[in-house]
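Before any questions on binding or motion, here is one chain by itself as structure tokens, the form predicted on its own.
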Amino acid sequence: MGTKVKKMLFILSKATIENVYAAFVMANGARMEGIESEVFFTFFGLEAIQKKKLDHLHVATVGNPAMHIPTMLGGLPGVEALATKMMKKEMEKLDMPPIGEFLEILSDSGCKLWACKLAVDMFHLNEEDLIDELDGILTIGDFYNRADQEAAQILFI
């Protein structure tokens, strides 16, 4: 029995490593199942597609209940760097590509990658600041129109 979902659209608003990998794994999984997928990068999620920042993403150690450490400890110097190093090491063990390579894989698989116009304007970015694989800059209305079809799902990450 096949899936009834035809298209998955992901909205990524945070560029912490755990959020970015979650969106990318789900978008890639959709493509592997023959489902269309698109990722809309908005607000701080834009850092995942900025050429200068995508290799420097971190794990959120403060205010992240999944870390199972007191928030105060998450803010201590070095904790975020240590958690980020550990996460990258674990992802590497699972043969997960680095963020930049993952974006290339998604693009090559047919996943559409969109930047939010409002956020691009708010952060004073230019298209040249963003990855070459980007399919364009859209308003949220344009993005919602891309979801306006039967069996499309939007997921906010």
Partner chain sequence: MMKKIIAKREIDVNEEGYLIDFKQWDREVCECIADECDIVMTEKHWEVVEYLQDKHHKEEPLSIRGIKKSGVINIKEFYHLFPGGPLKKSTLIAGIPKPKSCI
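These figures come from a predicted structure and were not determined experimentally. Residue numbers count along the first chain shown, from 1.
Another form exists, predicted together with the partner chain; not displayed. Remarks below refer to it.
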query: Partner-facing stretch of 112 to 120, 66 to 74, 94 to 102, 50 to 58, counted where any non-hydrogen atom is within 4.5 angstroms of the partner chain in the model of the complex; finding: 94 to 102
query: 4.5 angstroms heavy atom contact with the partner chain in the model of the complex for residue 42; finding: no
query: Residue 132, heavy atom within 4.5 angstroms of the partner chain in the model of the complex; finding: no
query: Residue contact check: residue 33 to the partner chain in the model of the complex, 4.5 Å heavy atom; finding: yes
query: Distance check, residue 128 to the partner chain in the model of the complex, heavy atom within 4.5 Å; finding: no
query: Every residue of 16, 87 and 90 near the partner chain in the model of the complex, heavy atom within 4.5 Å; finding: no
query: Contact set, 125 to 142 vs the partner chain in the model of the complex - heavy atom within 4.5 angstroms; finding: none
